[in-house]
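Shown here is one chain on its own, the form predicted alone, set out as structure tokens.
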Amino acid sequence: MKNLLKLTIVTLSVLVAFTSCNNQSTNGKSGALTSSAAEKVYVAPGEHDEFYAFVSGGFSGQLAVYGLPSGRLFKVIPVFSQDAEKAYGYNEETKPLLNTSYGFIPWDDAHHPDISQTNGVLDGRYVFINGNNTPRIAKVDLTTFETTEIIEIPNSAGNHSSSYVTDNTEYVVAGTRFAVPVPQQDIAIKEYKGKFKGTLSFIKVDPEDGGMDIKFQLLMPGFDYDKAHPGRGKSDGWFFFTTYNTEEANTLLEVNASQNDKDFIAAINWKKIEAYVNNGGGAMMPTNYAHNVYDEYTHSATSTMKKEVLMVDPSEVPGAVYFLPTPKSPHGCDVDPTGEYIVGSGKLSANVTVHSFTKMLAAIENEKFAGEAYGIPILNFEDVLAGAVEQPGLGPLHTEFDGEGNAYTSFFISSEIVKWKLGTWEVLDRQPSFYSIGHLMIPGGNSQKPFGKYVLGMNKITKDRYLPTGPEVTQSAQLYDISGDKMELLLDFPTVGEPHYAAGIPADLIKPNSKKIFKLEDNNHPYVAKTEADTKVVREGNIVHIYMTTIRSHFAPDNIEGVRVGDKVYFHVTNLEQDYDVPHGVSIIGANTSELLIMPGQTETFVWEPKQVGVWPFYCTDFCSALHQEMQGYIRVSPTNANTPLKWSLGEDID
């Protein structure tokens, strides 16, 4: 009977989506191809988009940068993945960024980007994004759009409820999805209940340079922690995490983790815990995790292995953690710009539940508890309930806000976005999505100051929307105009990877800070050649270091002899250009790693191990000038035991 009910729901949801699609395409006033819609997304040649959208790539491990309203793809930023286009994770300088306690892990599942904030308003300095599989948090510097730091999260598994920043970017959080033994140990899986734990990690962010460091971890009951949101405004100093599997099941969770009528939102008073920690509270726990940092002056990353972390038991900090009952298997956990309303989206609930922060504080003050779970008080549902959006759709997932008192919730099963009013809980509008929408994003919609002009929906299925490209069709994002009373679908565009979530920001908050000049005098790379006079080739046993420069339109040196089969040859290439958007590339025949793409003023390194005797060409891989094709050189490789002297030159024959 259960399986029949599931099949019926899924069938109905598909029919709703496809019927909506047919109605939309035949409605001349609301169709995505009307002239008014086209005009709203048109960005004339040479003009700039109004917003940046940073869209996660999910299983691609990357972060894609799109313009809104055009939907144009500007850049793919490699974060947890090797990228041959930019040599990220291939060149010697960036490999350490992908180091972990498990070794070199050049992939992850990137879900939730969040932009740094000051006083609850987006400041455009950094984007933080989580790695789900091997728990990590990365930081992207928005002056260069490059990944500059990755910190591994110990005692965690499935780093899903992250990364989200507090009002002043004091912290970025990382919550575990899977409960595991903490510390890890050999234990029977059937002993899960009570013995497996979840951790919530609070990562301190340096206000000057954005550097990250794990301040403390909170040891929580072994539930699954799904999404999170910091308190805003009046609720600043709190963090809220949805949980599911409060049943603590360890098998067939689609049934066994859906038994309880209510799960929880965990309310964490992080300022209270911070004060406790600053006064010597908590205990250091042995562990092992990597902290990887890129230096903008040496153009190189270093990886440091950390050996302990500060663990806090919530029972030792009374008044720091409470559970808010929330129906049923909630996913999204979203706080409105005022900080008063905490929205929990129960995937299996008929309603969208909204809690009141004010009522929560009153219930805590009056000790209105319904019980406890592992020593953590459970508040009475009715005492913290602000209201509910009644039967708004099927499968609510995520809510964001427009700053005008309206909320927008995505509904996965009924494939739609629903607009509703905070305070009255009245449904104001609904628009179909195509199809099975996951998250949505309003630029600044999770801050105190949303820029409520557009909502971007991120869809899981796009059957019939695009040309077929094999057994999987591209996933997509859809842009809606929300400036009026009714939403209007303007555009859909394909995305890189699976778009789980996005963060949007006005372009004017980033463009003025974009780095334009890269001074050679600031280059402190250990193998830099700041002029052609500094170029050289040095042998150290069977290791050969080539100090090379590149500039439009030649390499120096461009003829090299004396390399032997079996050598390990390091190309250290400095780009002498200093103006932005003048990169140079280099690769050599037989290289078994990526090419290099060297940014202005930078030095990058790749390794070449010649296997055959001969004369082997190298060339520029990035079109740079009218004489790009002439930008090339040769390396002579002699037998292993040859006595060929090491020589190099530019513009003259080698004697």
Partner chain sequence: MKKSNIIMFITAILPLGLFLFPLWKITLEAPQYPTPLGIYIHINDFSDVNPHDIKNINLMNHYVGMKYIPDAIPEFKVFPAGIIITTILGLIIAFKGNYKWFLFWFILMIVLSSAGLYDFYIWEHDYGHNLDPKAIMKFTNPDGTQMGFQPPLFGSKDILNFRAHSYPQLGALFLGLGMAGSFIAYLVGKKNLNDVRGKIQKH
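Numbering follows the first chain given and starts at 1. Because the structure is predicted, anything quoted here is derived from the model rather than measured.
Separately, the form predicted together with its partner chain exists; it is not shown, and the next lines address it.
Heavy atoms of residue 109 never reach within 4.5 Å of its partner chain in the predicted complex, leaving it off the interface.
Although the partner is absent here, residue 552 is a contact residue: one of its heavy atoms lies within 4.5 angstroms of its partner chain in the predicted complex. In the predicted complex, none of the heavy atoms of residue 187 sits within 4.5 Å of a heavy atom of its partner chain.
For residue 277, no non-hydrogen atom is located within 4.5 Å of its partner chain in the predicted complex, even though that partner is not displayed. Using a 4.5 Å heavy atom cutoff, 517, 579 and 627 all lie near its partner chain in the predicted complex. Only one segment in the set 455 to 463, 207 to 215, 569 to 577, 140 to 148 has any non-hydrogen atom within 4.5 angstroms of its partner chain in the predicted complex, and it is 569 to 577.
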